[in-house]
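One chain is shown next in structure tokens, namely the form predicted on its own.
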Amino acid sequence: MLKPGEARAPGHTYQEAIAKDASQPPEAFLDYSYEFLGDQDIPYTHYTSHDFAQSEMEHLWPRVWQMACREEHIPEPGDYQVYDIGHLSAIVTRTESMQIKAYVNACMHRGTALKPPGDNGYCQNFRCPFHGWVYSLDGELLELPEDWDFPHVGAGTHSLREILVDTWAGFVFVNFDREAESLTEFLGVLPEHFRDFDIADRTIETHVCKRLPVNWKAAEEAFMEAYHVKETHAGGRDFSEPVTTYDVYPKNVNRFIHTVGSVNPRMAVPPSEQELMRALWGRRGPAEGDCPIVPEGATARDVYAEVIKKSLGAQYDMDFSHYSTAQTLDSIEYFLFPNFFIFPGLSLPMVYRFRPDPKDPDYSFFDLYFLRPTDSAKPQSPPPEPLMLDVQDSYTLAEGLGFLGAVYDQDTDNMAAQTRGFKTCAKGGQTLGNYQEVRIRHLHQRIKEYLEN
């Protein structure tokens, strides 16, 4: 009899599936790091309670590393980006020496925010709109109007308060806790696992920010498992591809990777490789040209990966021949606690960031980015301003999402119903699968550790 946590889907594993590819996947893809984390229900009050949300705001968000922006948002001295999380606000900027710094977004006089929420742009210095105190890009107090009345104030005591800031893979991270561990320690296995990708050289092609009618944790959880695919997504019941590995890494990282274009071993009648190719062609494109013929002895995955590499290579004037089939096609999703997701694959190049609504735990904000490959030797366009969507707005309004716009609508259409169910369900908590939903339990265990310490 199987013990809790030992059950797995019938059929081959993800690692066995990609071993059949014609190209060698990155070593990290062959790694397996599942851990049974228990099977207790997660109380619904963790999503709906204002007191629980306040506890998170006091004990979690001020102490964790969070992705504030990309380096491309602040390429030159004086460029700045405001990052807001709950009541906390940071200004991230580049100084004259090209150093990246971050400051608490508050004047040292009477606390007025120096920049509005979510603001970005260029400035030569930071000037308080209330009384005109001026700070340099290095945070030093430069001008103090009527300084005769402030003999107790100077640059040594009233320069802007710095926030920890560091970079990885082109992302700028901040931490409001001056005593926090380094970003390198916090990232765990991510730098090692991403050495076969060029994330730092990618640029933002699309940015959508949508308000969601669900708590930030539940919003994240909707993207942490492939268990929902068969029911939530159109056609998923017939052509779902959840040959998936779920892995947990100490202490802030987890992931799933699931195949695209491989045989689902749980289908009653396995499709042929040509049928898989037609399914890929019809659902994902490219829209032009006839569906390729899969040669005898080849797989739809390998043939389709070559098509995608050539198509994207022509689109971006780059060579992707070194990418493996798995790197090109598969849904590769890494999560960095508490709110950052990154897909390093070639055809699914997404980045997610989730933030709580500071006024209502029943709502949250979802930043969705597409990071596309770029030649760093060529001039780059500035990143686009985010397209802001409210709860009722469709992702299909964002043309850059392509066919995925409708998919994201399916992913988030259940969220309002889930929030209602949290409050009426007599059971009091959600029951999780031991394997397919282990990443959700990992999230809650990490939150618990912060709230109790």
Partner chain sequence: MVASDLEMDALASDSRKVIQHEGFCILVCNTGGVHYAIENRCTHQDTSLDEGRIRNGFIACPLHGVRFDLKTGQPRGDLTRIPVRTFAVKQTGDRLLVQMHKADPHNEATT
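Numbering follows the first chain given and starts at 1. The structure displayed is predicted, hence computed values, not measured ones.
A second form of this protein, the form predicted in complex with its partner chain, is not displayed here; the remarks below concern that form.
Task: 4.5 Å heavy atom contact, Tyr83 to its partner chain in the predicted bound form - done: Residue-level check for Tyr83: no, no contact with its partner chain.
TODO: May I ask you to state whether Glu273 is within 4.5 Å of its partner chain in the predicted bound form, using heavy atom distances?
DONE: Output for Glu273 is no: heavy atoms all beyond 4.5 Å of its partner chain.
Task: Touches its partner chain in the predicted bound form: Glu385 (any heavy atom, 4.5 Å) - done: Contact check for Glu385: yes, within 4.5 Å of its partner chain in the predicted bound form.
Open item on the list: With the partner left out here, check for me: in the predicted bound form, does some heavy atom of Lys115 sit within 4.5 Å of its partner chain?
Closed with: Output for Lys115 is yes: heavy atoms within 4.5 Å of its partner chain.
TODO: Could you tell me which stretch in 195-203, 168-176, 121-129, 337-345 has residues with non-hydrogen atoms within 4.5 Å of its partner chain in the predicted bound form?
DONE: Stretch with heavy atoms near the partner: 121-129.
TODO: Tell me, out of Pro145, Pro292, Pro265, Pro75, which residue has a non-hydrogen atom within 4.5 angstroms of its partner chain in the predicted bound form.
DONE: Here the answer is residue option Pro75.
Open item on the list: Counting any non-hydrogen atom inside 4.5 Å, which residue from Asp302, Asp79, Asp247, Glu333 sits next to its partner chain in the predicted bound form?
Closed with: Of Asp302, Asp79, Asp247, Glu333, the residue with a heavy atom within 4.5 Å of its partner chain in the predicted bound form is Asp79.
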